[in-house]
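Quick setup: one chain, the form predicted alone, written in structure tokens, and binding and motion questions come after.
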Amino acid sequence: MTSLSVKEVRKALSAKGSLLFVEAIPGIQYNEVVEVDLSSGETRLGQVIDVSKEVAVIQVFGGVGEIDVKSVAVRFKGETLKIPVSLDMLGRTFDGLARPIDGKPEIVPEEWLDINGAPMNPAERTPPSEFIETGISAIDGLYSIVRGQKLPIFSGSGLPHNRIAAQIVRQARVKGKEERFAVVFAAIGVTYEEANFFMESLKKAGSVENVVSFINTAASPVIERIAIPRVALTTAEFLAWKYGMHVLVVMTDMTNYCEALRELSAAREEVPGRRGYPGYMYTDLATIYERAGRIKGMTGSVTQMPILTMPNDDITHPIPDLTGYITEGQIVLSRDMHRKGVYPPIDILLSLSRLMKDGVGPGKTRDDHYQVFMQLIAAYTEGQYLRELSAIIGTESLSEVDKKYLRFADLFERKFVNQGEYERRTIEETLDIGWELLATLPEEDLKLISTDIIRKYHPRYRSKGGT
């Protein structure tokens, strides 16, 4: 990192947690990088997080608990935090500040980029409209994610969101061999056990050469958790805008990021907002999520799939609530489905992808995709209603057609939603499973599918050559 204008101040006023309070000098900027020299000879990096006329507040990577305030020297570097980026990052694993942790050499940087990125001009954005195949039927068939979209997964404590994240990282790709595709994966504030799981999973994956991984453990400094989503997105933007790659960014767990934001806000003694989170959390999350998209005239794209755990499974909690306002839908995991042994345990009726309609159909997936999706959801909704009704009046009181819908709901969960953790289904396989399930219902009930599509794909007609 080259210094543009190094300024030095030798008087630190106090230290608290990971914060260092020093006398302010003219020209200090918000987010400016600093070097803190300790009496032991160690030098730690930090970042300016608040500035007033008298005091500059510095968040120090590694903390300041053992620092002798009287003996520190602080140098202001005159620039914001930048990371080295290169195409050689593909297939590598780094920490939250883009330092290698896979035992391989440092990368040779092609550029040094500011982790805060550059805002996209709204007039230059291209609406997301191209399908990304994750290999997971419930996502691809019902809540398709398209290039440039931001589609979060809302989970709960103990649910297998980490396994789903690892599966998406292993399996995701774009349709068509000519497309250059990469996955940038960021694990935020995970335990050592979780970090080891992700690293082992990536090593076993056959497509690991297309994955850039950033692992931040719970033991790492709070400021590193603040930085890692931006580090991951900066890498994704480099691959997308310079090399024309379609990049899927998977970040887990954004709740740990928000907790770090709250901890930092409390240390700065800011006035808290809802449930103690800072009032600017919506704006802060927007600076992360809005870095997804496509730009006119450029081949690449940045697509985000952030994963967050909802405290107490509360979807109205500030973290999922604010995330839902910014993103284009959500995939919600269900504890009831998890108890049934369904993997991935996706709550079909609470999940939504607002951009799905723009990313499916002829030339993108298949011409029957959207109609099959609507019919599957309608039939499953009817099956769920009849489950509740049968619990009151008994199954024997239902008609034969009602019993078919009950059976459909069970088959839908066991055969369509449920799949192996290492099972990858193409979108064609997913839609064919959907047709097998719809074939158990009376044909006259398939009112959301046109006659032409039924004649083309219904198993009854396909076995007769479409006649």
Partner chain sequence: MVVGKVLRVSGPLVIAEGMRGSMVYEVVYVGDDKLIGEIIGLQEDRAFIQVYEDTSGLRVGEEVEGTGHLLSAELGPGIVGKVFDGLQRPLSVLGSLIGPFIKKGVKVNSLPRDVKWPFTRSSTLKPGDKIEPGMVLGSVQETPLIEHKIMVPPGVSGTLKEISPDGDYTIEDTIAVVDLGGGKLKEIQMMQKWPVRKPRPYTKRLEPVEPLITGTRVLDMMFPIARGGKAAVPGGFGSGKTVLLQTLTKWARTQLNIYVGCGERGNEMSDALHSFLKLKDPKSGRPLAEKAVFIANTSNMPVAARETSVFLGVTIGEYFRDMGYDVLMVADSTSRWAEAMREISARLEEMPGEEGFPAYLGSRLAEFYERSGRVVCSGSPTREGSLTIVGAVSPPGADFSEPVTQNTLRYIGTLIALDIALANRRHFPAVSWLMSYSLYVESVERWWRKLFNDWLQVRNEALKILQRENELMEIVRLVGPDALPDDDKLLLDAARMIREDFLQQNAFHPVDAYSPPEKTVMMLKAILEFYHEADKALSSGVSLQKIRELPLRVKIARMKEVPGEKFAETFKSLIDEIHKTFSELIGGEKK
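Residue numbers count along the first chain shown, from 1. Every value quoted in this text rests on a predicted model; they were computed, and no experiment measured them.
Not pictured, yet referred to below: the form predicted in complex with the partner chain.
- Comparing 336-344, 210-218, 94-102, 284-292 against the partner chain in the model of the complex, the single stretch with non-hydrogen atoms within 4.5 angstroms of it is 284-292.
- A heavy atom within 4.5 Å of the partner chain in the model of the complex is found for exactly one of P229, G141, P128, G300: P128.
- Interface residue among T426, T440, T43, N31 relative to the partner chain in the model of the complex, by the heavy atom within 4.5 Å criterion: N31.
- Looking at P362, you'd find every heavy atom of it more than 4.5 angstroms from the partner chain in the model of the complex.
- Using a 4.5 Å cutoff between non-hydrogen atoms, N196 does not count as a contact of the partner chain in the model of the complex.
- Contact check for G420: no non-hydrogen atom falls within 4.5 Å of the partner chain in the model of the complex.
- Using a 4.5 Å cutoff between non-hydrogen atoms, D358 counts as a contact of the partner chain in the model of the complex.
- Contacts to the partner chain in the model of the complex (heavy atom within 4.5 Å) from stretch 440-457: E444, L446, K447, I449, S450, T451, I454.
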